[in-house]
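Coming up is one lone chain in structure tokens, specifically the form predicted alone.
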């Protein structure tokens, strides 16, 4: 009987230990598939890409001669990299201002629940769900100096002197691309700010109104500080989106960033370096150099995004 009792105690102890381990680490089983996927399709390819950036591989063949950090040194000393980064920065700042002003204004108007609010919200969000390639083709046709509806509409309104070759004019090409992107991303800003407005407790607004705060004061002192999380999310998402933009720039102005590289961005620069096209008759394909450019952009974006998040989080706390 004593031996049998000890046997049952041993089994019970093992079960209790197994139960404790299950309670403590059981949730990892649910995370494991996603973690394996992340390792297999994100971490390992990134490490392989970094290894390729240390070679002189052209993208064809098996010549992986080690060159160390030569690709990185060449890239960081290259003027096209800084020119493209400057264009990305201009796009980011312009679109950020547009979203935080026009997007917030439209969101406030929709939050007041006018008639047909659902219809307005659907129409404004529709450009977001259209693919960027389709958006680029649509606007390429609309902005065409020969068959485009924009110039034709200006002429019908008696404003023919404003008609331009929008995507061919070096002074207007970048601004035109930014305008198309503003049309495309406005819906995101509206939805994010509208969600933030709907999360504000009505009691706070009523208390501010009882204290005598007017509409503008109530918005500036109560509503806008409480929209800090929305401001943070929109700023970081816009930064990431504009420093990796490719589709719409490629469709509107091609891989060369026409005219005369005035709309060249980091993604098109990496594309040209990887697959050629830096000039009309170029056969200069340098996959390893393109990967080095991509690594540099990734590191800069990671550092800048982390900095933005920390700064804006502090603003949320102080607000």
Partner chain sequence: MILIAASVLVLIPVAYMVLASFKTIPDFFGNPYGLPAHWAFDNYTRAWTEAHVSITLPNTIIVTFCSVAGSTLLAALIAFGLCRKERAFALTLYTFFVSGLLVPVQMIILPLFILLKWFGLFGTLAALILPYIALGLPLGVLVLTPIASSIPRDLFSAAQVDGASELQIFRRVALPLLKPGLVSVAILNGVWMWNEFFIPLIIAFTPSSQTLPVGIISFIGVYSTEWGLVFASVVISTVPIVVAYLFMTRQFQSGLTAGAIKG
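It should be emphasised that the depicted structure is a prediction, and the values quoted were computed from it without experimental measurement. Heads up, when I say rigid core I mean the largest set of C-alphas that superpose within 1.5 Å between the two forms. Numbering follows the first chain given and starts at 1.
In what follows, reference is made to the form predicted together with its partner chain, a form of this protein that is not presented.
**Student:** When you measure heavy atoms, are 74, 81 and 225 every one within 4.5 angstroms of its partner chain in the model of the complex?
**Tutor:** Answer is no for this spot.
**Student:** Quick one: from 85, 208, 152, 165, grab the residue that has a heavy atom within 4.5 Å of its partner chain in the model of the complex.
**Tutor:** Selected option: 152.
**Student:** Find the only residue in 199, 97, 133, 159 having a heavy atom within 4.5 Å of its partner chain in the model of the complex.
**Tutor:** Exactly one listed residue reaches within 4.5 Å, namely 133.
**Student:** Check residue 295 for me: does it contact its partner chain in the model of the complex (non-hydrogen atoms, 4.5 angstroms)?
**Tutor:** Yes - in the model of the complex, heavy atoms of residue 295 and its partner chain come within 4.5 Å of each other.
**Student:** Contact with its partner chain in the model of the complex for residue 235, defined as at least one heavy atom pair within 4.5 Å: yes or no?
**Tutor:** Heavy-atom contact with its partner chain at 4.5 Å: absent for residue 235.
**Student:** Report yes if any heavy atom of residue 217 sits within 4.5 Å of a heavy atom of its partner chain in the model of the complex; otherwise report no.
**Tutor:** No, residue 217 stays farther than 4.5 Å from its partner chain in the model of the complex.
**Student:** Is there a non-hydrogen atom of residue 101 within 4.5 angstroms of a non-hydrogen atom of its partner chain in the model of the complex?
**Tutor:** Outside the cut-off, so no.
**Student:** Using a 4.5 Å heavy atom cut-off, indicate which stretch of 236 to 244, 208 to 216, 166 to 174, 86 to 94 touches its partner chain in the model of the complex.
**Tutor:** In short, 236 to 244.
**Student:** Residue by residue through 29 to 58, which ones have a non-hydrogen atom no more than 4.5 angstroms from its partner chain in the model of the complex?
**Tutor:** Sequence-ordered list: 30, 31, 33, 34, 35, 37, 38, 39, 40, 41, 42, 43, 45, 46, 48, 49, 57.
**Student:** Superpose on the rigid core, then tell me if the C-alpha of residue 69 is displaced by 2 angstroms or more between this form and the one not shown.
**Tutor:** Result for residue 69: no, shift under 2 Å.
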